[in-house]
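First, one chain by itself: the form predicted on its own, in structure tokens.
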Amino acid sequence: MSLLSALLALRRDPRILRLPPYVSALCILIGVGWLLLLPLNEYSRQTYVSENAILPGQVHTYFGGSEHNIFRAYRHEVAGLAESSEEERVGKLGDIFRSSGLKVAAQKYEYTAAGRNTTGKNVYAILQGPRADATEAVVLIAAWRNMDGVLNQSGVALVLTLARYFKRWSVWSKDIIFLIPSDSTAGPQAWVDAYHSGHDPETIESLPLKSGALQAAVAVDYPAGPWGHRFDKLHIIYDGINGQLPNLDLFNTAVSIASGQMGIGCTIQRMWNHRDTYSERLQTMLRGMLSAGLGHATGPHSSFIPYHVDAITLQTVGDGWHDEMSLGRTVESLFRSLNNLLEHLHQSFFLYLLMHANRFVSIGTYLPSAMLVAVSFTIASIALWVQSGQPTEKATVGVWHSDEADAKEQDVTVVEQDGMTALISTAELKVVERHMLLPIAFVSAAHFLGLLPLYVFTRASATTLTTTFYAFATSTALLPALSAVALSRLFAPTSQQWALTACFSLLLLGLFLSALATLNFSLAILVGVLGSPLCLVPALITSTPSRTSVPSTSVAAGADTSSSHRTTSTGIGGSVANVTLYVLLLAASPPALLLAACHYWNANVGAVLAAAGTAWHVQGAWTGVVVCLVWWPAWFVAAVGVAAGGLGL
């Protein structure tokens, strides 16, 4: 009998209900600690080429000699077009491609984003492989202006030279497309959209010339002026839109050819002097995660990756002894390796974290960290669900009074099972009905409310974005308190309903983050860590004192869960604690964190939002969707609960 009584009492033991906040915090700490272990040799691996057909660096390169003179002539031609009109520039570049015996076409495009019109004209040429049947193609790109807006003089000249050079070879089993877009973001996006017939014909012209399925793309960023510039290293940029990555074999092939065959050092994530120490590995990995989490384009190659076209950008950095011929031979050897492919790159990893040009971590090693962070919200949600079903009367199992009058007042029930009998407090056996309509409606409304800032920030002009942001930040600070007052006046929610509201919000957040981790791990871990205070808020509100003698948890955790009982108002100490918690929660809000990040990196918040709006309209980046429809609604629901507790509603 004592064992059965103890087991039944354990279900509602208040000590068990105090554990979830600590378990959630432990999951977050373990998840973050897991990331900190990844740069160690025991958890990361040396990069390697999985596809045997690539044979990186196994061919002799012949680019050089007289091609150097042709390159310098083309570079002066490109420099002369710097101040020319777009039509004149495209016409001249097209004539150079035609002189090499290639088929040439052009494409106009226009985008409207952040109140600005982005227009341009791409020019491209197709080299039909002598051994090809027009079913496969690779792309060589040199944007007219790079990501910094600098004229890519030597890069464009190198592509023109390689087009003439490749035309003389009969080894090509794939078509080669030479693309020179007007810029590094909108131009490549318009071209690759039109190539796959995914464009809007009203704003983007269709391509008059096409080849086969694109197998890979390589962009060259070499902005040296008309007199050239010798570089030290190759900065290999591989980040795609929405955190997508090219097949690791393409990256490894480029590194193997550049460093192994040509003797050119390679670096990633702007780590110019990587000494392969733990701290620098960690910094490189975190930089890559931040770039992937933002989901923006990092080069002309980024637009190709969403179409399952593996692509990278080769950017020259530093002052050294390598010249354009070294870069040209690197590109030649890389294209010879891609020419060996019999099928699309598929054997190596598509989901990975790089911490050095020769070291990486695969998804199976790093994914548990994001899942641990996501499960912390689920644990907090389950705890709130259990607490919302707790009876309001205090249980008396195992507590017997010597006073006869008190003993008679105790309401107990005899429970018999398997020949055993136990006396259980009737309050322990009481079934509490959960009223879920209002919590579900409010959480749904909060997520739909997130559509408003998403629409405003993606439609506002660049000149008004800063003002719009500060107006939104002010609204974010005031709206939870106003919503708490309105809800209390109109619906008078019970503490159970407040608990269920927080429960459903945290459950959705954990669900979204666990699903997002398989699509964009970096964004999931960023939102999870920055939003981690949300899963601890209910426990912090629960700890505030109450004026009533019946133990009450709070408006968010809800021990008083009967529909006939309304939320008990907190005392002066509880109000002060909740107001303090509300202020801290405001500091952890998405607008506040965005403003802090802009201050840290010395960036203008209006320019950041304009870039985000452009990425949404042009490249389809959905980082803003996650922030406005997942993170901000979860924060808003938690803030409303805290505001209700602080106001004693």
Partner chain sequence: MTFEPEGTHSNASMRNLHLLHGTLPHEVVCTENLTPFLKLLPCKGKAGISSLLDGHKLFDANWQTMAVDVKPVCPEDGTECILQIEQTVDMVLDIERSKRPRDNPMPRPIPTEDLVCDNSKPYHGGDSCFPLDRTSEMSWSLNKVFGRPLKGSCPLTTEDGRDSETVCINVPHEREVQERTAADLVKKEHEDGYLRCYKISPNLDFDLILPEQYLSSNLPLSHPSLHAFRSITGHGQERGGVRAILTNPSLTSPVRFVYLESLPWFMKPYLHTLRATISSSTAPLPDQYLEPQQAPNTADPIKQMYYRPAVDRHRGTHLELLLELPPASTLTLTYDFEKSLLRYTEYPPDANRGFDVAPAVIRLLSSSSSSSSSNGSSLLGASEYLRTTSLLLPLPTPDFSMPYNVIILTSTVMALAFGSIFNILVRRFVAADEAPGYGLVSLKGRIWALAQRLKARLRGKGAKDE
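These numbers were taken from a predicted model, which means no experiment stands behind them. Numbering follows the first chain given and starts at 1.
Below, we refer to the form predicted in complex with its partner chain, which is not included among the displayed structures.
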property	result
Location of its partner chain contact in the predicted bound form, chosen stretch of 476 to 484, 340 to 348, 459 to 467, 353 to 361 [non-hydrogen atom, 4.5 Å]	340 to 348
Interface membership of residue 135, its partner chain in the predicted bound form, 4.5 Å heavy atom rule	yes
Touches its partner chain in the predicted bound form: residue 119 (any heavy atom, 4.5 Å)	no
Close approach of residue 43 to its partner chain in the predicted bound form, 4.5 Å, heavy atom	no
Proximity of residue 99 to its partner chain in the predicted bound form, heavy atoms at 4.5 Å	yes
Output flag, 320, 594 and 597 jointly within 4.5 Å of its partner chain in the predicted bound form, heavy atom basis	no
In the predicted bound form, the one of 293, 533, 265, 306 near its partner chain [non-hydrogen atom within 4.5 angstroms]	306
Its partner chain: the contacting residue among 74, 385, 335, 442 in the predicted bound form [heavy atom, 4.5 Å]	74
Its partner chain in the predicted bound form - contacting residues of 155 to 191, heavy atom within 4.5 Å	164, 165, 167, 168, 169, 170
